[in-house]
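Before any questions on binding or motion, here is one chain by itself as structure tokens, the form predicted alone.
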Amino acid sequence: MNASYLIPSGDLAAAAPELLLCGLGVLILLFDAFWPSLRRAWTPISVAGVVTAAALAWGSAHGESFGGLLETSAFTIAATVIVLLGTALSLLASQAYLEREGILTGEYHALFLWCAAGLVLLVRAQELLTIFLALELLSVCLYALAAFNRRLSVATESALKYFLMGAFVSAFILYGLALLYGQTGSTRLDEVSHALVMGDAGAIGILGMLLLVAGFGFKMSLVPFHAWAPDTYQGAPSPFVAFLSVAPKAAAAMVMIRLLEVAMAGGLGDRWPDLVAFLAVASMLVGNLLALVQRDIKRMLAYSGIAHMGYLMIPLVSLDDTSWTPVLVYLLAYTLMNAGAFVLVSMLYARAGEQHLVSELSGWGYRFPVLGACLAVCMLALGGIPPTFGFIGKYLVFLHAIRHGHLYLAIVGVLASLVGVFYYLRVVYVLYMKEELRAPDGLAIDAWARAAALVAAAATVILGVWPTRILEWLERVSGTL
């Protein structure tokens, strides 16, 4: 065998998390075909694989691999852990839902693991074609998972909307990639940035970068690329929505940061901070105002997720070394509180595919004291109310804006947050202040889902009360960039 075709062992070691997730997905699919009696074991096995992948990523040596296509740094490791945390929480919540709906098969877990592999690859990619391939790997899995409960017409409809919008956006991203390559002669982000700094970017370079930012703005469900989110969230399986609402957004945010670094440093004009500020303000205002009038809790959380991505964009208006800590803190807080909220929704609503009215939770804070308390904690954290970790995230984001001379962004963010507090507290009010409307029937509650809810809620409170350790670690991560 020609030695030039052998992959260096160092590169294989660097890709160990992705290889583990892909390989485990293939094994689950094969074993499910021959031993369907093992299906109840796929959830703990998948979660164990995700935790192992996170441990492998944590212990990875820093540096570049595969000729500079992938990067391993403290920042990418932190982002990988956040993505895999959202994956593990969603998998834990899936078992009871899949059993209740009669769709517990290995395909679900295999698609989940392959999607997680694509997300980890997306976080670490430093080259545009690698980013695109990782994006397509995870997108195909997301489309299939959105329609996994194929007996429900609303699930098929929402998945079809998501697929058509996603395919359209993929074309945008590929066209933007082609334009940047035509302008710079390279698909490596560092080489693209260097070429743009050395020469005139021109209209082609600006258009290419705009298309890429628009594409990943869609993945983050930023305004005006948000229309797919409410319908997809409402029709897709709730445990999967716990994953869809956090992990792909976290990975897309990492790519958005890389793209904005190139745009702001590469001579593509001085209006990029204004563009980012517009995306942030529009997402905060539109997301919160539309969430305010929702009566379906999944649609409410979909619109509030749009607003939270607007908060996340605030530190990117003045992108520098101080931006990383608020971004990572906010991503971690959002993953815990939003995934936890959807995990609880998947347990407390029995009629999949129908409306999940907030009013149906009336009085259930007393009927389900532990789950009610967890949902209340997640709502308070999403509203940014102390002493939750959500408050720490918003505080750091607004503080960054003030320190960099963008007081108006902090003011808009605070006012938008006050709007959000109203509809989050409405859920808590219904849980504890309203009389029970109906008795529970056919709920999907098991030990795995309870564990996911408890982990999310407990971590949200603990990190909010004692944030020192996690903030120190994230400061060290930021200091290595």
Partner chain sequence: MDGLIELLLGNTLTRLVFFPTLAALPLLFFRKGADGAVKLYALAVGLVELVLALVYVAPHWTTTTFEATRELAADGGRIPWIPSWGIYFDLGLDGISMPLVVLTALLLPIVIGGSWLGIQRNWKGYAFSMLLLTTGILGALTALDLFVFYVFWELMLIPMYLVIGIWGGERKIYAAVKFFLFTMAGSLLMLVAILWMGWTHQELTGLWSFAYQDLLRLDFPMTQQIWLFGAFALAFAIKVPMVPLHTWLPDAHVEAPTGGSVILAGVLLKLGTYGFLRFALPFFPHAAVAAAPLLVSLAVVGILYGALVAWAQEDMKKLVAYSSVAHLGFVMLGLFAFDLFAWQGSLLQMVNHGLSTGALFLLVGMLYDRRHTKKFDDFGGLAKVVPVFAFFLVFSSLASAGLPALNGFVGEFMILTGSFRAGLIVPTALATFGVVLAAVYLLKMLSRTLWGPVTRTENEGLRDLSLREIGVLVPLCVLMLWIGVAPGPFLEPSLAALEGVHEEVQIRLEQPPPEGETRFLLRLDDSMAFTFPAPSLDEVTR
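Residue numbers count along the first chain shown, from 1. Just so it is clear, the structure is predicted and the values come from calculations on it, not from any experiment.
What follows is about the form predicted together with its partner chain, which we do not show.
**Q** Check each of Leu380, Ala236, Ala280, Leu331 and return the one that places a heavy atom within 4.5 angstroms of its partner chain in the predicted bound form.
**A** Of Leu380, Ala236, Ala280, Leu331, the residue with a heavy atom within 4.5 Å of its partner chain in the predicted bound form is Leu380.
**Q** Only one of Ala13, Ala458, Leu471, Leu19 gets a heavy atom within 4.5 Å of its partner chain in the predicted bound form. Which one?
**A** For this set of options, the contacting one is Leu471.
**Q** Does every residue of Pro387, Phe398 and Lys434 put a non-hydrogen atom within 4.5 angstroms of its partner chain in the predicted bound form?
**A** Checking in the predicted bound form: Pro387, Phe398 and Lys434 are all within 4.5 Å of its partner chain.
**Q** Is Arg403 one of the residues lying within 4.5 Å of its partner chain in the predicted bound form, judged by heavy atom distances?
**A** Flag for Arg403 set to yes.
**Q** Residue-level contact is defined here as any heavy atom of the residue lying within 4.5 Å of its partner chain in the predicted bound form; does Val428 satisfy this criterion?
**A** Heavy-atom contact with its partner chain at 4.5 Å: present for Val428.
**Q** Taking heavy atoms and a 4.5 Å cut-off, does Val26 contact its partner chain in the predicted bound form?
**A** Judged by the heavy-atom cut-off of 4.5 Å, Val26 is well away from its partner chain in the predicted bound form.
**Q** Is the gap between Ala55 and its partner chain in the predicted bound form 4.5 Å or less for some heavy atom pair?
**A** Ala55: no, not in contact with its partner chain in the predicted bound form.
**Q** Which single stretch, out of 213-221, 240-248, 388-396, 106-114, brings residue heavy atoms within 4.5 Å of its partner chain in the predicted bound form?
**A** The contacting stretch is 388-396.
**Q** Taking its partner chain in the predicted bound form, which residues along 409-439 bring a heavy atom to within 4.5 Å of it?
**A** Sequence-ordered list: Ala410, Ile411, Val414, Ser417, Leu418, Val421, Phe422, Leu425, Val428, Tyr429, Tyr432, Met433, Lys434.
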